[in-house]
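Take a look at this single chain, the form predicted on its own, given in structure tokens.
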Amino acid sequence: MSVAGRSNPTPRIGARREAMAGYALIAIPMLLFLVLNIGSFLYAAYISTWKWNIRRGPQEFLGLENFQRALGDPVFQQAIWNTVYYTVLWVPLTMILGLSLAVVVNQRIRGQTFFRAAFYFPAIASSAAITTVWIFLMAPDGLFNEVRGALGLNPLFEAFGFGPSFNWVGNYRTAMNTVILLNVWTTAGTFMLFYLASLQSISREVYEAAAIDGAGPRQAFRWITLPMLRPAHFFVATVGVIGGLQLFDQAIFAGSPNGDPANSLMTVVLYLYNALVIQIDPGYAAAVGVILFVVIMTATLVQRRIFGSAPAW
């Protein structure tokens, strides 16, 4: 029998050992993911069907009563509306600003590293500190009202019902919009980094070929940059929507745990915080958490559908 005709088992054994080593390396992270993420969600879903006591555990089986109670609560309905309103406005504005900053700092300009760091710096600042500063800036006697008065813009603002000493954070008409502006400023730097990484992966040769064919900067951005950034759009939009639906820290700092003024800053996560920490009702809080999870999962799947099937520009 020819020796050359025999199969060599060594590569197969080596591949099997390599696969086993790979599975061994990811075993602990996967176990932690299953326990801390999937397991915690399943446990929350279980708790949500009970009247739950923190020390003594389940007391009375309620079925879907906690969900019906949450969905029928006008405050929770207001929290859903506020959260969706915030997300729908904040995510596109931050994506536009983040992409614009990424395009700017991706150019070969003097001080490129400084501008990248400067634009990203608000993202690493403490949300509590930066929200506190923002409240002082937007206060009745704050810097914003002083500047618009010095520029002679008060008549224009008064035409829309905003007096010279208007409290932008303390008024229910403008409280959420001020938080949106705050977070657009503080988060645009993070989105800028995501877009910058994708921009730097686009070959310069593509733009050079487009320039040879007569394409200007606008045409190159329209027909080259935007289509090739589709994966970045999906990632940034998904991260943004998940973060937007989980708005909490700026809402509680600017509006207290009650979502003041007049529930205008009440969000779903802040409502959950009230149910668990203030009302001490774990079962009800778990039901709110399950509802939020379903909303986030649905939004993620919708985005995947949109960015996965959208035609090229």
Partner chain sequence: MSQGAATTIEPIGTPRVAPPARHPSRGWRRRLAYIVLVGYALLMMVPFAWTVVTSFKTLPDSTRPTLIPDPFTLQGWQYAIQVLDPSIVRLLLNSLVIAGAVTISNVLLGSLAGYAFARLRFRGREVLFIVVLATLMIPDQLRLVPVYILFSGIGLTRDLGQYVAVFLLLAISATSIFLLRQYFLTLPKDLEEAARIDGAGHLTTFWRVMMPLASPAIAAVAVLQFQGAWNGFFWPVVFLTEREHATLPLGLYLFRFAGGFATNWPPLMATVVIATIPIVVLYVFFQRYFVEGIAASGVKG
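Residue numbers count along the first chain shown, from 1. So that the term is clear: the rigid core is the largest set of C-alpha atoms that superpose within 1.5 Å between two forms. On a predicted model such as this, the values are computed, not experimentally measured, just so you know.
A second form of this protein, the form predicted together with its partner chain, is not displayed here; the remarks below concern that form.
Not displayed here, its partner chain is kept clear of V295 by more than 4.5 Å at the level of heavy atoms in the predicted complex. Looking at F119, you'd find a heavy atom of it within 4.5 angstroms of its partner chain in the predicted complex.
Mapping the unseen interface onto this chain, F160 falls outside it, with no heavy atom inside 4.5 Å of its partner chain in the predicted complex. Of the heavy atoms in I109, some are within 4.5 Å of its partner chain in the predicted complex.
For the candidate set L226, L181, V84, V104, a heavy atom within 4.5 Å of its partner chain in the predicted complex is found for exactly one residue, namely V104. With the partner removed from view, the residue among L153, V239, I96, L89 that has a non-hydrogen atom within 4.5 Å of its partner chain in the predicted complex turns out to be V239. Each of A44, A128 and Q200 is positioned with at least one heavy atom within 4.5 Å of its partner chain in the predicted complex. Contact residues in stretch 243 to 274 (any heavy atom within 4.5 Å of its partner chain, taken in the predicted complex) are Q246, F248, D249, I252, F253, A254, G255, S256, P257, V269, L272, Y273.
Annotation for I38: C-alpha shift of 2 angstroms or more between the shown form and the other one, rigid core superposed.
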